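Have a look below at one chain only, the form predicted alone, in structure tokens format.
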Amino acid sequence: MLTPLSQADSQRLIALFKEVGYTETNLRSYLGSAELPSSQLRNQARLLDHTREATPLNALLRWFWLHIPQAEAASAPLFENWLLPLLVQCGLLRRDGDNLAPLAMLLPYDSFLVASDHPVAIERQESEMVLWPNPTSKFLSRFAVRRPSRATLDLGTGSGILSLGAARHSELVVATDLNPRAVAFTKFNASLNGVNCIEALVGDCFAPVAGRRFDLILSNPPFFITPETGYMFCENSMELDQLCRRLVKEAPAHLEEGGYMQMLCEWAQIEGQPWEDRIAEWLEGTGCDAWVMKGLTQNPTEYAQHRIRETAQDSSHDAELYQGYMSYYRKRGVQAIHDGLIVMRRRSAPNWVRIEEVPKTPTGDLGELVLSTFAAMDLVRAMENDEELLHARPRLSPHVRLEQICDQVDGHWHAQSLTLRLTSGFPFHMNIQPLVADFLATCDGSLTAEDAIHGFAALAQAPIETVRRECLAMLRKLIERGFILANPA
């Protein structure tokens, strides 16, 4: 177990790692890619060769990236005399004869230096291993709402990277985990990075924070849908996706009015039940507005193979494991497994739920995207009455672009299609007609929707009743999707 550092020692250590180039940006170029050593990738030889010279950076990489013991006598001359004793004192290194052996991995992430277990812990099947900053946690971090928070909860904290990020805009962050080793790593990482507002607690689900409420809850729980419970960081003992359902049901009691819960999860699609209905049931009666963004869908055969490859290093048992997985899914009628992000906001009013499949690779400020999407959904519902929307002043988002595709015919360009596209957030798009494009060009916030519609009806030489009905329906859809911002008159 690691011993948290003093503020002075943390500052010295962080400064040294940055000075020698142990940073996220530098390592990506220095190593050719920032991939971790892996027996599956078979990259150990390349990484060893790349770090063969006796330099401070290579010594740190061999300890804290490659997980290789090094002779103390050969390493000591590379550093100031305070470093190695400090690394031993805090538990990052231990003396093993004449060598110094690493006890943790150190990864630079988002200006932080994060300690975790090394990937060799999976090869050793260590059930309480603490995962390094991984793609799912990084993805959730990108979506995290970054408005000021009195108190934020990081449920299932792991190494604590969501807590570190949330500390930038939170007076207090409470980090919880069922795994005591994860809580210990989070405490160490908070001290290492000079973050003083993180309270780390051991316990299951919301039990450690009974009776407390938060402005923001972030959770990347152990959501794998597997018959195994070998690794605490990714697997749980509840049936199928019931842990995620439990968190959705229990979260509202721990949210302040207007507070957000953001959770990555997986859910099963059961024979005879649309996947949307399963998620909708989780959200019933929660007193929360919700936006469910479905991402990847896998059939059980693909999913089983993928999970076995991630968690079982010894391929000699693949057939047995695979049959166990498939028996588990077939008995429960699992037809597919979906992953996605659920965002909930507690609100004492008639609630709305938006469940959809979203495009991949969103861009821009995704925390702001969450806030603007909830605001847009509120606005659409506040303007369900046509008169209210007619008096609003629609304005195209600055992230909207109009794309035109032309074909060359008889020596001239002829327009074949017009596409309205968002360049930030999810890349939503829709095909529109030239007259509609002309109408949207007038939506700059200076005209009410009623004035813009009357102008469009005159241009199209169409009955005003028909144009009004179709334009209002289109405006509602464009507001909901983020193409249009509507300011009240």
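Residue numbers here begin at 1 and follow the sequence given. Fair warning: this is a prediction, and the values are worked out from it, not measured in the lab.
Omitted from view is the form predicted together with a small molecule, to which the following refers.
- The three marked residues, 241, 267 and 300, fail to reach the small molecule in the predicted complex, with no heavy atom of any inside 4.5 Å.
- For the options 108, 102, 252, 221, the one in contact with the small molecule in the predicted complex, meaning a heavy atom within 4.5 Å, is 221.
- With the partner omitted from this view, the residue of 310, 80, 384, 204 that lies near the small molecule in the predicted complex is 204 [heavy atom within 4.5 Å].
- Residues within 4.5 angstroms of the small molecule in the predicted complex, judged by any non-hydrogen atom, belong to 175-183 and to none of the other stretches in 254-262, 317-325, 267-275, 175-183.
- Heavy atoms of residue 157 reach within 4.5 Å of the small molecule in the predicted complex, making it an interface residue.
- Shown alone here, residue 137 lies within 4.5 Å of the small molecule in the predicted complex, counting heavy atoms only.
- In the predicted complex, the small molecule lies within 4.5 Å of some heavy atom of residue 132.
- Contact annotation: residue 188 falls outside 4.5 Å of the small molecule in the predicted complex, judged by heavy atom distances.
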